[in-house]
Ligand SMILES: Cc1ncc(COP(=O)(O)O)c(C=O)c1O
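Form predicted on its own, single chain, as structure tokens, below.
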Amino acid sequence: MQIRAVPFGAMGGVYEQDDLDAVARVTTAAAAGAGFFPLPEENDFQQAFAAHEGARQAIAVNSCGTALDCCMMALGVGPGDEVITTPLTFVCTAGTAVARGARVVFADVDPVTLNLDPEQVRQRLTPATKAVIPVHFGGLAADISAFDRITAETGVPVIYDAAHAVGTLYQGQPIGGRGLASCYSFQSNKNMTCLGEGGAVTTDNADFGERVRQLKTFGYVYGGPQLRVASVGFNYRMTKVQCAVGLTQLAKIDRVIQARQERMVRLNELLAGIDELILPVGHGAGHGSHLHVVRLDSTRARCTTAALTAHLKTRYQVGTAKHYPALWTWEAFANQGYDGTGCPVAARVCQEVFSTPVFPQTTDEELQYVAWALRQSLAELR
């Protein structure tokens, strides 16, 4: 094949004319004197997002990190508490708990799904456990039923990191109403994006939702005879323009996810039979298909993942990304004494994973080229 560039894109979703029209509509109205407050778009977006994700309510915030932070504050997480989560995730999943003074406890992942292993979580539960944060990794739903049982038996709440999981289904149903809450991301490389940033908390618990709503707006309590500030909160709001774009993004998200699913299934077919590769599972109906995460089997390969991805980039111009290094390897966690003790699966997986460039706009010719470049690279590095 002829060498061609297939970069790992910075934009995971799709912007179209309706998104541009939404921005123009809000800014034109503001220029005419309507201003940017109040925010009817926020309420409209929250209702639509809650309905799409199968939850009773959604609270729009400006990132998944702030969504998680609001949940940690709403739970009262602080010094002396422990929060159990996966080491195979973005830094904010654990960082928000650490920022509140809690100790993060890493539990191992399932070697097939790469999601947090509920049985490993059980082994780490203590009287100090304040919450469990599973991640729907890559868009594949975690074992929600098993985590429901943990909550039922112990009372420990589960907050899902659903940054990868807009549109993900579990046993055919949306995930947004499961656990105590779910935290979503609309950052630029996600399947749905609101001008580069954005997030939401979904929950079926009215009291918890109200606490999150207060915390994301300086602690204000709206309604009643007078405005009150009931707690110390922050400005974690999405903007009026972002909420307007959120509505147009939400209107097309099922189409975007289907396009990603089809391409990831196709790439799995093209990569089938390569002994050195462990392909992701579950892509197809119900999978959020945010990431196509491949593993270079360290027991079979004659090169490292770093060497393979560097070769793909320099020799074949195929971009990849790393999702993710083990959290304990980041300086912020290593300096506090975190390590991979008790997580041998994650320790191996985090050395092996790399994400391929698969997006809604990716053509079949590009998928064929990526598969060919991977085969060529592995042969050349043997």
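The model shown is predicted, which means the values in this text are computed figures rather than measured ones. Numbering starts at 1 and runs along the sequence shown.
The same protein also exists as the form predicted in complex with the named molecule; that form is not shown, yet it is the one meant from here on.
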### Query
Check D161, Q187 and Y324: does every one of them have a heavy atom within 4.5 Å of the named molecule in the model of the complex?
yes
#### Entry: Stretch in contact, per heavy atom within 4.5 angstroms of the named molecule in the model of the complex, of 149-157, 225-233, 91-99, 122-130
91-99
### Message
Which residue, C64, V318, C350, C70, is the contact with the named molecule in the model of the complex, using a 4.5 Å heavy atom cutoff?
### Response
C64
### Query
Of G139, P87, G198, P280, which residue is found within 4.5 angstroms of the named molecule in the model of the complex when only non-hydrogen atoms are counted?
G198
### Task
Although the named molecule is absent from this view, report whether V135 comes within 4.5 Å of it in the model of the complex, heavy atoms only.
yes
